[in-house]
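The chain below stands alone and is given in structure tokens; this is the form predicted alone.
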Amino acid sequence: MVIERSQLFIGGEWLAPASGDTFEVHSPHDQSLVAVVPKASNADADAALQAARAALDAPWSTSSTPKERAELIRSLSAAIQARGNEVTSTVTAEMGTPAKFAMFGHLYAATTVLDGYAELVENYTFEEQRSGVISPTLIQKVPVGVAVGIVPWNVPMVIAAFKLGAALASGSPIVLKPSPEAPVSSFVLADALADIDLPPGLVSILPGDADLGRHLVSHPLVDKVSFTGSTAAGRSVGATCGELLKRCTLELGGKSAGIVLDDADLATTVPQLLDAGLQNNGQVCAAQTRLLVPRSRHAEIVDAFADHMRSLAVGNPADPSTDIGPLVAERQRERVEGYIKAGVDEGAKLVVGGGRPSDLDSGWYVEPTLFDDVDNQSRIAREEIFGPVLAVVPYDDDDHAVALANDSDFGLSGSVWTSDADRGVAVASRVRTGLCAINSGLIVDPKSPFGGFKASGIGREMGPEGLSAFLETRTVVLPPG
């Protein structure tokens, strides 16, 4: 059944769009029509931002208590969970997420982020008094203003929760712009928002293209931009925000390294590390796609990686046994296949995969692919592929491993695998990334700051740092004495 929507969620209401333009969403699995949804226009954006500006001066933003904000966020989390099956089936249909990952990696990841913000806001210090030099002062944390959140297609519900949770916790109205590739889940999110007692004007959701994004970012009513996407697009957003002096958070690309130390237990390391590189069909910004392995155990580790990758089931993402589904679009498959060719041309050894599954006649599928003996200066080691392609880079000792991990334009995520936790902490603490896990494939923690060094972005999301990014600091000088 084709999903059809005719209205947009503007200022907390379902309203007719200003134009009749639509997005058609086709299944990455078989190219069948999944949905037809409205394409938001600049006029819709203007209406949403006017509603948000009015909400900024309303009681919710000016005087709601942390407890009231927490209750609203928890009610949204519960409303999303109540639509859990709809959320998971939607992300599987619109972007090919395997069903076994959709529940945890899309639904529960999103609601856990919201629950984390609800707990945080109840305990956050929004006001404190200081002695001052001449007079006492009152330091206040107030809403940053009208915010725009630009959401990518790969984990749309989760990234929306990153931005929506912080905005609701701060009291800042927000306009979310989902991508054209995966807009359908944003309507499920809007349905959940309509189910709760949402203050007028506080949230709008406008699926749109890059032109709409540029309109929102440069709009004079916007005070804060939170962007998740490619590094190239992030540079453009950052340049606009810099010119207009808008606050911005940029969560961009990655080429994260999983460092396997020479004492690692392969039985636990291999499945978890490969999952950290291949989850969501490899379409994750923090995916650990560079596998750094010691020369002393090189052949043994590569064989273990290869055996595990050959065991992965590739196919219909709606099948609960599927491990790897299709890429989101034909252009994405062409991009990934271009990188596979580049890897071969640059002299890397193709160990597993490299082609299209022979048993699948349709869909944007690429086999899980493993390269060995990869030069850390090669394209497949330096550029974000965004597909199920992993590169093994050998190293000599711990210092060499750290140097290779840090020899990257990016710095988003990573991991260290070892039988010695202290050694793992010592190595992880030298890796210049926003997050580095030890003996865990976890690439984000919902209660801790997430973001990157270098070309992986500016600022942090989640945790107190993520909330602070949606707040302004104000000093009130009190009367002397």
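Small disclaimer: the values here were computed from a predicted structure and weren't measured. Note that residue numbering begins at 1 and tracks the sequence as displayed.
One more form of this protein should be noted, the form predicted in complex with a small molecule, which is absent from this view; the next part is about it.
Novice: Residues in which of 207 to 215, 316 to 324, 302 to 310, 360 to 368 have heavy atoms within 4.5 Å of the small molecule in the predicted complex?
Specialist: Looking at the other structure, the answer is 207 to 215.
Novice: Work out which of K224, H106, R290, K177 lies within 4.5 Å of the small molecule in the predicted complex, going by heavy atoms.
Specialist: By the 4.5 Å heavy-atom cutoff, the listed residue in contact is K177.
Novice: State the residue from A110, I380, A192, I150 whose non-hydrogen atoms include one within 4.5 Å of the small molecule in the predicted complex.
Specialist: In short, I150.
Novice: Would you check, heavy atoms only and a 4.5 Å threshold, whether G145 touches the small molecule in the predicted complex?
Specialist: Residue-level check for G145: no, no contact with the small molecule.
Novice: Evaluate E94 for contact with the small molecule in the predicted complex, applying a 4.5 angstroms cut-off between non-hydrogen atoms, and reply yes or no.
Specialist: Residue-level check for E94: no, no contact with the small molecule.
Novice: Spell out, yes or no, whether the shortest heavy atom distance between P98 and the small molecule in the predicted complex is within 4.5 Å.
Specialist: So P98 does not count as contacting the small molecule.
Novice: Would you please decide whether D115 lies within 4.5 angstroms of the small molecule in the predicted complex, comparing each non-hydrogen atom pair?
Specialist: No, no contact at 4.5 Å.
Novice: Spell it out for me: taking the small molecule in the predicted complex, does every residue among G229, V237 and L412 have a heavy atom no farther than 4.5 Å from it?
Specialist: Yes, the whole candidate spot contacts the small molecule.
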